[in-house]
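Before any questions on how it binds or moves, here is one chain, the form predicted alone, in structure tokens.
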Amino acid sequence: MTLAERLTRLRYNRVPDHLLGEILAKNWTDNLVPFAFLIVVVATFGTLLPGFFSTASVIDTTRQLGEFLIVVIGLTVVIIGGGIDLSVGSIFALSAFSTLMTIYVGGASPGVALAAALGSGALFGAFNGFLVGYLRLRAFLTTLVTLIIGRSLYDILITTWGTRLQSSPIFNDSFDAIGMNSVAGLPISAWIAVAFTILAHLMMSRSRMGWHFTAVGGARRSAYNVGIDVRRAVFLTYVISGVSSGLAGYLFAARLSGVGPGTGWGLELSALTAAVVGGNSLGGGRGSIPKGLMGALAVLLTTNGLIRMGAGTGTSQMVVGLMLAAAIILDVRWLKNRHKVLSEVYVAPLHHAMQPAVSAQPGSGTSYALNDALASAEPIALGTVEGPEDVILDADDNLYAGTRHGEIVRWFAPDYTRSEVFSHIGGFPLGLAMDRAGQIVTCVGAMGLYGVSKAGEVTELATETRRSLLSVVDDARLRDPNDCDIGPDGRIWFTDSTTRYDAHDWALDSIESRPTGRLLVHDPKTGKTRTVLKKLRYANGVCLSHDGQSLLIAESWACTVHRYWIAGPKEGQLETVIRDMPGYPDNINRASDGTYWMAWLGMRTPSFDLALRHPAMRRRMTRNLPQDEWLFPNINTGGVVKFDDTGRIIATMGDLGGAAHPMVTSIREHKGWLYIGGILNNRIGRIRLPGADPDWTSWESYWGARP
């Protein structure tokens, strides 16, 4: 390796370029902009205004924040649900008026006043929800109308009853305490706002109702198609917003013990600005309660800071309006271009120097030299099966394979002309294994590990494992579970090919050549799944050795087969059995003579081997060229390899013409026949194996009396 190549390897393998893409791909990165803006606001006013964060100032700010934040939270729920509520200021004022009328005119208790305030808010919110949700009127125009109606009603009421409210002889110490007292240094209103925010966050992020709101806001028609009551969900968002404004109006009335003509005036603009500045999308379906919290803090601090600096009401309103405009522009531009930014930075190839491959050309005289044996394979289900990635046979000689339609199909012995859908999985069943009871275990792409009973009933076994402490990507989720095998103690060993990409993005994973694959084990007795090995370049096939002491693991993009010891004196050790093969290994299975069969899904090419040494070129390729012009592993020509425990190659088979089995992803020996699967094939092949044990089956090898 030259000095230049060593420097290239150091640059691309040691500098964690991939972290930027992984961070930007996280949903919580939307919080970075509002959080940064909040920090700027705090730093600016903290510097320009001495005493801006003094104890007295902070207490006064938190009293206002309690009321304002609750309004923002309610409006945030509406926005996430795909709507908008311009009437929150009117509802706020009416609720405050209802509170004061109940106490200072009606002489009722603070509890009754709270019910009146919440009832006023809920009634007005339900009116909005009925018009927008059930009558399907436009939210902006509808709530603009209700804003005008509510404000007009409030002006009439305050004109009629204002004098009586101000001259009321009634005093209520409990009500005044709610507005003025503190607990542990914070006003009661602030504690109520904190509790309300936590409750709203749990509702939006952990409850079915919150998930429905987000789904409706993100794609209303899709939400309807999956059975969500869209009209009811929209209705409830406005009710929640109304109740929020009602509670805020109650706290406002408790703090000031009075209302005036300007109560709630302009509150809708400030609340909307806070919700959007916090990062909640006006398009709906994207946002969170913490974003509303950050936006509320930023807007309130900005408004108070401007007032402390001597700015008039007009200036403050103008600044809030400019903040809203900037937030909308940022939201629209980011939403439109986020995928472009991610495509620019997410793919981060490594330098990977493959050793020269031994030739697999026919007639080359090497142990890997392919022949044309697979071309004569007898076809099963020709033209009626799509993508049989793995095949397996039961004790009655029936044949099973998963298909890209999300099903496991069973073909009946002995001629395999009759078939039935054995089980509907939903995802793409990849690797298959059969336990002692004859039940099938399958890795389902992008879903996880599943069990299928002899009656075809599907059971979820594992969809996640424990998340790595320092991983940015959520590696708890199984993104590309690929192949599985079952140990004598019932534990299920399986591979997850990559933690950075889903199964359909395998080409990107090959171009990166980043070792993110892993070996996992699931224990049915405890129901727990744990990660055993990491840092494999596309972990693929896995096979329990004949003696049950170790596992053979195919590392596809490294063209390598490893042995991992699970028992005996070497337990926990990993050693390489075969390295730098001319083909990309896939599934591995036992052979009747104590050796192993391995599928090659494709063959190495000099061009891609060279590209692996030039990560900068591969990065430019993914950014500047359409995907159908990328250079990635050749999967149009593969084959079958037989090897022993030492890694010695015993035999190879191929389809040189590419008509029957150009790509092979699985092989299974059964009673003297070799069954062949391929993820891109339209058939299952089988060929007679001369000299093979005609009574040997894989199931008996694992669970029967035969060794």
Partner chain sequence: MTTTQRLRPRATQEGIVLLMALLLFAGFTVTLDGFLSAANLLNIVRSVSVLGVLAAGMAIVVIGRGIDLSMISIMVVTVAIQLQVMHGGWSTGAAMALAVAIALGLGAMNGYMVAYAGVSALFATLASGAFIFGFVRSQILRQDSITLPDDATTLLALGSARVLGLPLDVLAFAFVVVLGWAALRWTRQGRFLYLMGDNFQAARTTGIPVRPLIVVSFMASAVLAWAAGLTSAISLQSVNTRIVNSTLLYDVILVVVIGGIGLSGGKGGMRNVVVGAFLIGVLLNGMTILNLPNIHQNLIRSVILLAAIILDGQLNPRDEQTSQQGDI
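Keep in mind the model is a prediction, meaning the values are calculated, not measured. Residue numbers count along the first chain shown, from 1. The term rigid core refers to the most C-alpha atoms you can superpose between the two forms while keeping them within 1.5 Å.
Another form, the form predicted together with its partner chain, is not on view; read the next lines as being about it.
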> Among 197 to 205, 546 to 554, 387 to 395, 146 to 154, which stretch sits within 4.5 Å of its partner chain in the predicted complex, heavy atoms only?
Replying inline: 146 to 154
> From the list Ser376, Ser343, Thr526, Asn225, which entry has a heavy atom within 4.5 Å of its partner chain in the predicted complex?
Replying inline: Asn225
> Which pick from Arg333, His504, Lys454, Arg467 sits with a heavy atom within 4.5 Å of its partner chain in the predicted complex?
Replying inline: Arg333
> Within a 4.5 Å heavy atom cut-off, is Gly83 in contact with its partner chain in the predicted complex?
Replying inline: yes
> At the 4.5 Å heavy atom threshold, is Phe127 in contact with its partner chain in the predicted complex?
Replying inline: yes
> Are any of the heavy atoms in Pro582 no more than 4.5 Å from a heavy atom of its partner chain in the predicted complex?
Replying inline: no
>> Taking any heavy atom pair closer than or equal to 4.5 Å as contact, tell me whether Val473 reaches its partner chain in the predicted complex.
In response: no
> From first to last in sequence, which residues of 121 to 139 have any non-hydrogen atom within 4.5 angstroms of its partner chain in the predicted complex?
Replying inline: Phe127, Leu131, Leu135, Arg136, Leu137, Arg138, Ala139
> Phe213: CA shift of at least 2 Å between the shown form and the other one after core fit?
Replying inline: yes
> Core-aligned, is the CA shift for Arg151 between the shown form and the other one 2 angstroms or more?
Replying inline: yes
